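Two separate entries follow, structure 1 and structure 2, each one form of the same protein chain as structure tokens.
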Structure 1
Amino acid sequence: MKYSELVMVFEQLESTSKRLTKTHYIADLLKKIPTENLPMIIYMLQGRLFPPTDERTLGVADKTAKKAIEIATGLPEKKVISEWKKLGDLGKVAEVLVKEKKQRTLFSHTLTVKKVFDNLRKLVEITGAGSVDRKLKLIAELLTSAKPKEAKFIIKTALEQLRFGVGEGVVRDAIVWAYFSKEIELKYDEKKHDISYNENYKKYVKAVESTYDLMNDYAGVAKKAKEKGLKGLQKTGITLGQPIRAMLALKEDTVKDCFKRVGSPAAIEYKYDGFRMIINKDGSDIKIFTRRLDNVTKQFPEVVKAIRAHVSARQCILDAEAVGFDPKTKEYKPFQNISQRIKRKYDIAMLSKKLPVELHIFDILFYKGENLLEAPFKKRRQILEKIVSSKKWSIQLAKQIVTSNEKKASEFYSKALELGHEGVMFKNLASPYQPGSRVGHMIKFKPVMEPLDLVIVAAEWGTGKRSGWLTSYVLACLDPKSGKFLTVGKASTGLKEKEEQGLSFKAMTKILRSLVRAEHGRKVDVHPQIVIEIAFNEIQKSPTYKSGYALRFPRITKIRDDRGPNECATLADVKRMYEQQKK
């Protein structure tokens, strides 16, 4: 397939903010393309080159992209910089300058989707000495053959700035429209922006979505839908050893409402303040995945050991919360203290002794070759009780009571807070396990005015005794419609000046330094990748920030290593909290 055909769709997607229209364009494309091109195209439409479980990044700096434009167009650096200043976007610069060049030379070569994809993917593997030059070559090679519009999208993809506002929901619906349009009797009126389908629609959407929750890759789901149809999707099972999306919780503010949601009697458990682990056990082979589906098995040897020693099932998948504690004082530590272990590559054995975690198991998804997703929670808990032998400070079943009594529930909640836990979870005893869904099967109940998870998009160098550190951080929420991060404020409190006191300016500077994409005097723009939890006192309307809102007295409470930028608070979350607070 020619890259220019894909670029046409990119342009269509950029030309509209309407979700249905975007879905229509993508569905049309999916219908046409051969199966072998599906993965490449589905990833690129979502602004990436890899499935979401693959954390690799291309690591192309603005400087490298700028240089590639110079090489491909033969224009001097001064000219490229002056266009960049004027247009503010290197993708547009590439488009304009390649256009100028074409008028001069007429040389052209046809680029295929595969060629573009392959060259850009190679960028990931290039590291070490001479890597900048080799990266440059790969990008410049593409630009030399590119037409102006193609050049724009090549640069945007290389810089990982390709965003069409195509969220997971759009891809899911497009797969249904593309491969099941007959079954759902789809009619789409582009002019009226109107769509109709029959009563089968929900069934197909659910099949595609549930398959995604098990496979975590829309490229694989699309292939299955195309080749195996509805039955094939519905037959997708759990594959032991593969990451699965965790089921998420809703929230209520009173005990009464919690019971209303999950029914009575309900199971109530402590809500532990650690981080989520989904653990696969297949004989002696143990794999630990985080909520972001990262494999962190190597980082937590004590968990592997505990599972081997205290879980009697040969095969199972467990859902649990790992909580750090001080081995000397036996006090639980807040999440931020153990978060450093998630990405750690060295000193692992030492850290597992210094900052060990205790595992609190609260669910089971697979046992002895049997998929338990549809089994009622009560039965799943019974299995857990049979196979887990608890050992304090190593592995435990989540503390649980089953009651329909509001007073008992409130007492259990007070006890949870007293012991330093975050609150409690109410669970429906008859509910299935729905991977990836925030459904009402479990409800969290904890103190109100929650902090927000926001992304750092820029930072500023400090002065005086804080010079040499990035000390002020511009925070943003996500607008899922446009895929853009919109600023909501600036935080400079919460971090420590001394490393031994907790998350420090120095540590944050180290993290952000590798993400810098542009510098303006004392300010730097960074790739939006780091999610931090922000406590604050109030949200106000504000013209200063792009979201239209500003946080009052924002304080950084922790880094959310377990969250990706697309999982941060949305503009709608900020708005909802603003409205709530007005009430």
Structure 2
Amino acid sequence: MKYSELVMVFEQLESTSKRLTKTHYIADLLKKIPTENLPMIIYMLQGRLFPPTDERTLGVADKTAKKAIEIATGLPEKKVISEWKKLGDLGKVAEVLVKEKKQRTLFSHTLTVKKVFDNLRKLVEITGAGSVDRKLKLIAELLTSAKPKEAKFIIKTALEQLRFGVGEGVVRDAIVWAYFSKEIELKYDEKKHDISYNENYKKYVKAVESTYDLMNDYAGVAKKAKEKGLKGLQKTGITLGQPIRAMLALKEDTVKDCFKRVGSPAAIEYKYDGFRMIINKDGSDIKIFTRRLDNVTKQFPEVVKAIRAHVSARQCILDAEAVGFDPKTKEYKPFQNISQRIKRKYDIAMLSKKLPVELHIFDILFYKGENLLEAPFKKRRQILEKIVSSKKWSIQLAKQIVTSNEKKASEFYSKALELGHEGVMFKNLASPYQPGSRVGHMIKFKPVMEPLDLVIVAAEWGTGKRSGWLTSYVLACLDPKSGKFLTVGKASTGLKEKEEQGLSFKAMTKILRSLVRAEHGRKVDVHPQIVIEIAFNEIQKSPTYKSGYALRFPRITKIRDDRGPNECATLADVKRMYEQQKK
């Protein structure tokens, strides 16, 4: 497949903000391409080159991309920098300068999707002495043969800045449209941007979504849908050792509302302020995955040791929370205290002693070769009670009571708070486990209006004693319908001026610098990657911010290393909290 054909779709996606139109363009593409090209196309449409579970990044700096443009076009550095300052986007710079140069001397070779994909993937493998020059050669080779538009998207992909608002929902629906259009009697009106379909639509969407929840890779889902159809999707099972997305809870504000939502009697468990882990055990082989599907097994050796020693099942998949505690005082610590362990590659043994965690297990998804996702929660808990032997400050089952009594539930909740936990969880005893879903049969009950997890989309350089740091951060929530991040406020408090005091302006500046995509005087726009937890006094309606709402007195409480940008608070969450606040 020619790369220019894919670029045409990229341009179509760039030209619209309409979700249905994006879905239509992608579905049309998926219908045409051979199966062997599916993974490459699916990944690149999402702005990546690897599956979501693959932690590798290309590691191409702006400086490297700039140099590759110089080499490919033969233009001086001054010219490239001048265009960069004017356009603020190296992809656009590549487009303009390749076009200018091609008019004179460059001879265009035909690029294929595979050539672009392979060259860029090789960047990850290049390390050691001379690695920068070898990376330059691979990128420049592509640019030398690229047409102007191709050059633009090659650079954006290399810098991992290729984004079209193509979220998981768009890819899911495009797979349904592409491979099951006859079964659902799909009709798309391009002029009205509208679709019609029959009653089978939800069934096919659910099949694709459920398969993704187990595979966590839409490339594999698309291949299965194309080759094996609906039956193939429905036969997808759990693969031990492959990450599964965690089930998420909704929130209620009273004990009565919690019972009303999940039913009575209900299982009520402590809600721990820790780090979510999905743990795969296959004999002595243990793998620990985060909510974001990152493999953090090496970072938590004490958890691996505890699972081997205190979980008798030979094969299982467990859902748990790792809670930090002070090894001297034996007091539980909030999530922020252990968050630094998530991405740590060095001094792991030292940190596991300095910042240890106690594992609290509350669910099981797989046991003795059996998929337990459809099994009732009561049965899943009984299995846990049989296979887990608790050891204080190492591994325990989540503390639980089963009751219909509101007074007992309130007393249990108060005890949880007294011990330093966040609150409690209410669970329906007959409910299944639904990976990746925010479900109504599992409810969290906390004492205060919960903070919001928001994404930083812009920042401003500080002045005075804070000069040299990015100190004011523009916050945004996610609109799932458009895939866009909508601003909801600006926070400049909560961080420290001295690193030893906690999360500092200096540390945040270092994180954000690598994500800057444009500069406007003192203000910089950054790629929406960093999720932070924001506490606030209230939510107000506001014409100033794109969400239509503004946070009053927002303050940063912590970085959510365990969450990706697509897991931040949605516009619906902000609206719901605004309405609750009015009540």
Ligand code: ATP
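Along the sequence of structure 1, residues get numbers from 1 upward. If you're wondering where the values come from, they're calculated on a predicted model, not measured in any experiment. What we label the rigid core is the largest C-alpha set whose atoms superpose within 1.5 Å from one form to the other.
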query = Given that just one of these two is the form predicted on its own, which number is it?
reply = 2
message = After superposing the rigid core, is the C-alpha displacement of Lys345 2 Å or more between structures 1 and 2?
response = yes
ask   = Once everything's superposed on the core, is Leu355 shifted 2 Å or more at the Cα between structures 1 and 2?
value = yes
key: CA of Gln299, rigid core aligned, shift of 2 Å or more between structures 1 and 2   = yes
request  = After lining up the core, report the Cα displacement of Glu519 between structures 1 and 2 in Å, one decimal place.
outcome  = 9.0
Core-aligned Cα shift of Leu571 between structures 1 and 2, given in Å = 5.5
